[in-house]
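The form predicted alone is given below as one chain in structure tokens.
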Amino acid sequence: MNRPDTLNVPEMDIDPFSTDFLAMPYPDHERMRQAGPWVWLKRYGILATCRHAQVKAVLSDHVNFISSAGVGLANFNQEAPFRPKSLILEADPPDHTRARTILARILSPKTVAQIREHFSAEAESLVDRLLARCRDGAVIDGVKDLAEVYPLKVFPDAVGLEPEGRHNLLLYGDMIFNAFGPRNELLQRAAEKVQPVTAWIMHHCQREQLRPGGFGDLIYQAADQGEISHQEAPMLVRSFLSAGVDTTVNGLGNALLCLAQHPDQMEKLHADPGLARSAFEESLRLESAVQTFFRTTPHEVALEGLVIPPNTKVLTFLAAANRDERQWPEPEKFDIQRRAAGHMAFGTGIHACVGQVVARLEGELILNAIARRVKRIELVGEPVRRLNNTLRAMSSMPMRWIPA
């Protein structure tokens, strides 16, 4: 698609889904930020922004920038979705409001207070086990041994999922987030891996497979009350699971890497474990687990002197917004004492991540447990990135913890 005449913005030949870009996106983020508040990425025919103010404006305006046409590159107004649309992520009001209201109620502050004890006990136990291995001279993997293990334990526990087969959630999530990009090799490989587990996912979203009283069962109780249909309930459980695991897995992995690469900040955290929440927020800002999301214009939109035609895909670079020097002093610096409020890692507006309160709880509890026991994190091998069209992820991170 050629750039419309009404969009007098810099045109750039950057592929945000190329292997090189996904491995290290930040230099190109800076190029786009410096080019202007908006750029046209001619390879895909999309309008894009890397600046904090514009990213926030788009994500906050659900009337002019809709989600029901898909939050990825594909335009569901012009092609069929690859799977039934998410009731929460790929919906607009009033449909989105129905689903969001249910999940917001389930994840209320009262509910989070009730799960905190279990989440805390699991964090303490896991960190103790890993530290014991380090004391015995073993190398642990920050991804395989912690960042994947903890969210796959505590969040599906809260949803009411049985223990067996939870690794399937990682395969499913990898495919879902790859599907927000083009139909490239990353998506193809992810789809091949997930094909055998799709039936498992949907089977375990059925009511009879979920523990009574868990988050999943509460969704079905909402269906009993007529807030959603019983056909929609398993789809909402599916969205809940896919959104509640991958982002936290990668958020924890990125936080560990930041602390390993910045020993001065790990020293501060060890000296004051109360900085755990702040450290997690700063790592989310610096290394956003979710890097991008799309919106679509449902009609002609006039914005900042631009006239954006209907059905234009708009790419918001959340990770780039989080390193915008217009918003953050020394944005490339990892500073756990920074007030990182306002970062876009969880989005904003009515589509802001509904599970962010649980993700923040998990991040705080894990980092606090580490801070009280560990004085230094040492990488003993090169961390390996797992490229994904949407996520900033890793597949392995060999390390040792130096006990306090």
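Every value quoted in this text rests on a predicted model; they were computed, and no experiment measured them. Counting begins at 1, following the sequence as shown.
One more form of this protein exists, namely the form predicted together with a small molecule; it is left out here, but the text below deals with it.
Visitor: Quick one: from F119, W328, F215, F293, grab the residue that has a heavy atom within 4.5 Å of the small molecule in the predicted complex.
Guide: It is F293 that has a heavy atom within 4.5 Å of the partner.
Visitor: Which of A233, L107, I176, L315 has a heavy atom within 4.5 Å of the small molecule in the predicted complex?
Guide: Among A233, L107, I176, L315, a heavy atom within 4.5 Å of the small molecule in the predicted complex occurs only for I176.
Visitor: In the predicted complex, which of the stretches 243-251, 94-102, 182-190, 221-229 has residues with heavy atoms within 4.5 Å of the small molecule?
Guide: The contacting stretch here is 243-251.
Visitor: Even though the partner isn't displayed, in the predicted complex is I88 close enough to the small molecule, meaning a heavy atom within 4.5 Å?
Guide: Yes - in the predicted complex, heavy atoms of I88 and the small molecule come within 4.5 Å of each other.
Visitor: Can you tell me if R83 lies within 4.5 angstroms of the small molecule in the predicted complex, counting non-hydrogen atoms only?
Guide: Yes, contact at 4.5 Å.
Visitor: Considering non-hydrogen atoms and a 4.5 Å limit, does the small molecule approach S239 in the predicted complex?
Guide: The answer is yes: S239 has a heavy atom within 4.5 Å of the small molecule.
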